[in-house]
Ligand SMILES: Cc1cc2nc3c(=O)[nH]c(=O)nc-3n(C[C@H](O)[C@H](O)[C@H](O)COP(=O)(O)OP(=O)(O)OC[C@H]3O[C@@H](n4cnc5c(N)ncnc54)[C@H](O)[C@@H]3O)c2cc1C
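Starting off, we have a lone chain in the form predicted on its own, written out as structure tokens.
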Amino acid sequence: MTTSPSDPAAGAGPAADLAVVGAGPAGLAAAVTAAALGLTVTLLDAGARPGGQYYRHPDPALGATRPQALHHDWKAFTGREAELRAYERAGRVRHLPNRQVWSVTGSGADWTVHSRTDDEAGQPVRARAVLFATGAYERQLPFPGWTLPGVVGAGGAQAMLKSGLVLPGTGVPPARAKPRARGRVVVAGSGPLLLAVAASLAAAGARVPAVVEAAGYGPYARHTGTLLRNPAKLAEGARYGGALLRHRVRPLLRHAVVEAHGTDRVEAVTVARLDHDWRPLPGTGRRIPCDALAVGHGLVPELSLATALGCATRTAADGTAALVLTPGLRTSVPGVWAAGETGGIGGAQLALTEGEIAAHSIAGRAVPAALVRRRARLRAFADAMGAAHRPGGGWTGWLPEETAVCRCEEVPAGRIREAVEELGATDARTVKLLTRAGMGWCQGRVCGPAVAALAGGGPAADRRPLACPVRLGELAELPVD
């Protein structure tokens, strides 16, 4: 079946100048900047309100009066949200919330964005250009016990706090939890997100016995110039460090949680020291009691929509697959741009900057020199950070044969190793065909990096025709040539 994205019968209406997919920092900045430059914009997002994963909003039913208390640089968001609403009223931006974009079709200057809500298909959106600002998701490296209740992603723990006002390990809002009921949450993995998560949880009343960082901070010394050019980043790290000191949170560098223990839920974790390749050192294990474990090893760019169009990728400094982009943030596909984490994990400030740069590029305007310099500075810092916290290959030594790697399909490490060592699999795709690892509900988003590492290959961006589940009836309603 061939779709015809420009067919008026599709009911997409007049084409906008730009369709932006994702209303996080990059997408929001791109939308309001493009509107200011005279473009008509349609902004589609899976969330009910703009802000993405970074600027999460508490559920309105909770009656939160100070959401800024849980966010860094909240004014950067509120200012752009106010601009968005003003451009909506002026008819320059159409904001479509609660939209899951499952495919983008077309070419050149004629694109159709297909989306759906929880209940029905969304009306196709036509545009002359497309910007992907689809953000990222957490990178998880499995270990024995990681499927126990109470083991959550580090970013997931922060999301619970920001959107649900709930502490992991308690299930109740921090303000209502008695001191003894406030759970002990071990924060573990690698990357600067751990410091932010631990500081947020401790400030909300959780007891954080340790922040377990698999990497060290020594590699940052090789990038002294980059660090000095980013004093705000250094100050931010110092604030998190000071917060952890005030709450007596113990940092454990070059350590990892190699096993979680419990029956009905996690009750303790074993932490071991690692060598420089992330192999656990024998005899260094120690047991830390806890009520919850927040664990994550950085973020992975969400590229499903972009790679479905054939956008070229590269291996970023942190070992993940990211899009190849020009200085103006064009992808390798004409008419398609990308900004934010899609071009490599870099944080909210870089995403905001790239959103503005992409908007200028799409509008055919010269990019202000200040934006170019800011992006170069922030991207250099992001690359230094990614290289410092990139997982070492020895982490697979954490995995006994029976450890689940693909949780959806319950595929253990032993079966993946068998596919590689005995059946000749050399990449994640072949392992998937032989074992079903990655065929479940998450489509490999959780287990993908681990499966690729066990298969002996590097990061490989998935390329699939549909970015998320879609009803057959919605596919049947597409126009046919």
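Model, not experiment: these values are computed from the prediction. When you see a residue number, it is the position in the sequence shown, counting from 1.
Below: the form predicted in complex with the ligand, not depicted.
Taking a 4.5 Å heavy atom cutoff to the ligand in the model of the complex, the contact residue among 158, 361, 353, 320 is 158. Here is the short version: of 145, 296, 280, 135, the single residue with a heavy atom within 4.5 Å of the ligand in the model of the complex is 135.
With the partner left out here, the ligand still marks one of 434 to 442, 413 to 421, 45 to 53, 448 to 456 in the model of the complex; by a 4.5 Å heavy atom cut-off that stretch is 45 to 53. Using a 4.5 Å cutoff between non-hydrogen atoms, residue 347 counts as a contact of the ligand in the model of the complex.
Residue 100 belongs to the set of residues with a heavy atom inside 4.5 Å of the ligand in the model of the complex. Interface membership of residue 30, defined by any non-hydrogen atom within 4.5 Å of the ligand in the model of the complex, is ruled out.
Put simply, residue 162 is close to the ligand in the model of the complex: some heavy atom of it is within 4.5 Å.
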